[in-house]
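Take a look at this single chain, the form predicted alone, given in structure tokens.
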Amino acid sequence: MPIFVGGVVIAATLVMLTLSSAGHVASSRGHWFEFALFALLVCVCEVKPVSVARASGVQEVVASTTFTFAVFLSFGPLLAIAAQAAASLFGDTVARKSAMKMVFNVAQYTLAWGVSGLVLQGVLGAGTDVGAAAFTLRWTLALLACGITYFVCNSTLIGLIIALSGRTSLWHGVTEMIAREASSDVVLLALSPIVIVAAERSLALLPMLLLPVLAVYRSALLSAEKEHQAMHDTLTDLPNRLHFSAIMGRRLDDTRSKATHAAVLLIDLDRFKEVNDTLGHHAGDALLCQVGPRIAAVLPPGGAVARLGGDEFAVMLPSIRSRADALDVGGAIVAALEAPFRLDGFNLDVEGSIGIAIFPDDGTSADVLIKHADIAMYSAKGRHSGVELYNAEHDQHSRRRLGLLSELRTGIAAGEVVLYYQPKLDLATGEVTGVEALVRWCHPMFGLIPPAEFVPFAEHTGLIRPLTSFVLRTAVGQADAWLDAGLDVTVAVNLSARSLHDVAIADEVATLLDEFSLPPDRLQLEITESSIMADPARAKRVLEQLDAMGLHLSIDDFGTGYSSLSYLQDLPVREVKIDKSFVTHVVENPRDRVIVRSTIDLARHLGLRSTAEGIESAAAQEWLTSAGCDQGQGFHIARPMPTDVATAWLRAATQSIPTLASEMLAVAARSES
């Protein structure tokens, strides 16, 4: 860009030298007060331009064009250039623009008006008194020719500099600038002859001419505001979906001409609904306003960020060398979002899931790229990987996911969603201490669908509430049925983050316990670390309400989240469940052994039970028992079982019939497979 600015400066200098040579067009009228008044109005209008936000940068509409053209037609090009250059320097100084912009603006005006002066000289003839020739036929033709020349030249220079700064197509930059500026510039130029006529009659009339100029100014301002509102998000002031698609269209066209790659990144905030549900929409809005600047701060030059709606943001990278470049930017965005956001006096941790689509490999149009980036983003969310590149296989999974979500509500009502139960044992005595209720979907077409395939997405829709209500009601009813049958076991239910922060959850549980007359200690609720720390204060209040009712509370997947141990010590929980990712290979992996043993010791010192998930071998169970772990569950003990099989297994276990228990294990394995 400095090279381009330098070229404009050189061209303007050459034009000025040509105009300053013998035979230039001037005026002998000598109305210097009139010139001074025109020049003052040029300065006044230059100081108050209308800023118009465009896709590729900020443009300005200045009403000074009217009075500069009046000077041009009354006193000649040189005085017009002098007045415009002085006004431009004054306006840019007041606006504190950079030296580069100040130099370009002066050179731009000088070149545009200088070329128009050469046209004026060509039409009127060398040495013509422009003031004396006013309102003749030749002067009128010169007015039209000079006005068109100035408009085209000035718009071209502005379009080129904006295209270069935004790294977009030069052709599109120039043509769009000419199209957008035509309405305002043509009117401003057309007012100049009226200004001259008024000055000829009486200089006292000139202030009256400010009214139509101000009308044009106001019209341009309103037009700019309406366009800005139509193309920008009202909350964050970032480009909206429509504007982002336009940005992509221009930059993809430029990328095609240069035979390079581009990337589209779709960013979705994890647990954003929890912020809205727990802290209110004002907190959610405040969070969204902080996200855009975080993303923009880590983008390479030329990158653009937009808000597509809700908690979904998008990024356009117009030029990348490889897919690895796009992944690096995605990783930088994830890292930028990891730092806590300050909201309502406390720090809030919010993560992001990012999907990436590459041009032209994953699509050649804006709509297709956004769609494929959306599919990759949902893959990242489902895998908890942070960033994912689009893969055609993701598309098939996405179609199935969308289909499943549309059927889930009816599936719950139709009885397709059921609970399986996985026993937990006291590792020291071998006695059954309880079961964990695990939701399954017996889909009529796809068969048994595990919770990992539909629960995470239900959490981001309104379906998690009816799903949680179904699980709680079914689990409480089954615990009551087992108690009536003489099987005294505790049933554990997993609560999602959204359910934990639902103020009505305690009342719902109390109503169910009362309806089934189930002792509260027969129901256990399991909550993950991350769901607690999403809003620790509210989580603590809800957990204290549940604990006061006599329910057993447990922290699930311990070790995979991020939490303050001092805070966890204050929570009314009775159990810590060690995540299976540490338990599965505890015998072979020394690092896992250290983590598991440390967690067991921590739980003991805090007065909590420790439960190991994912026990898949006798060796792992033996090691955990020797390490002092209180309870365990996993495939080695028993797989999740449907109600009838679980009932038979529990009866066999409580009656200490090893043979029957072994048979039930085999039945359970077949039912799960």
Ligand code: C2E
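All residue numbers refer to positions in the sequence shown, first residue = 1. From a predicted model like this one, the values you see are computed outputs, not experimental measurements.
Missing here is the form predicted together with this ligand; even so, the following discussion is about that form.
- The shortest heavy atom separation between residue 437 and this ligand in the model of the complex is within 4.5 Å.
- Contact check for residue 642: no non-hydrogen atom falls within 4.5 Å of this ligand in the model of the complex.
- In the model of the complex, none of the heavy atoms of residue 348 sits within 4.5 Å of a heavy atom of this ligand.
- Interface residue remark: residue 556 is counted as part of the site for this ligand in the model of the complex, having a heavy atom within 4.5 Å.
- In terms of contact with this ligand in the model of the complex, the residue from 386, 520, 451, 477 that brings a heavy atom within 4.5 Å is 451.
- Between the options 172, 180, 580, 574, the residue in contact with this ligand in the model of the complex by a heavy atom within 4.5 angstroms is 580.
- Highlighted residues 236, 270 and 378: none comes within 4.5 Å of this ligand in the model of the complex, counting any heavy atom.
- Stretch-level contact check against this ligand in the model of the complex with heavy atoms at 4.5 Å: of 65 to 73, 629 to 637, 603 to 611, 32 to 40, the positive one is 629 to 637.
- Scanning 480 to 515 for heavy atoms within 4.5 Å of this ligand in the model of the complex gives 494, 495, 496 in sequence order.
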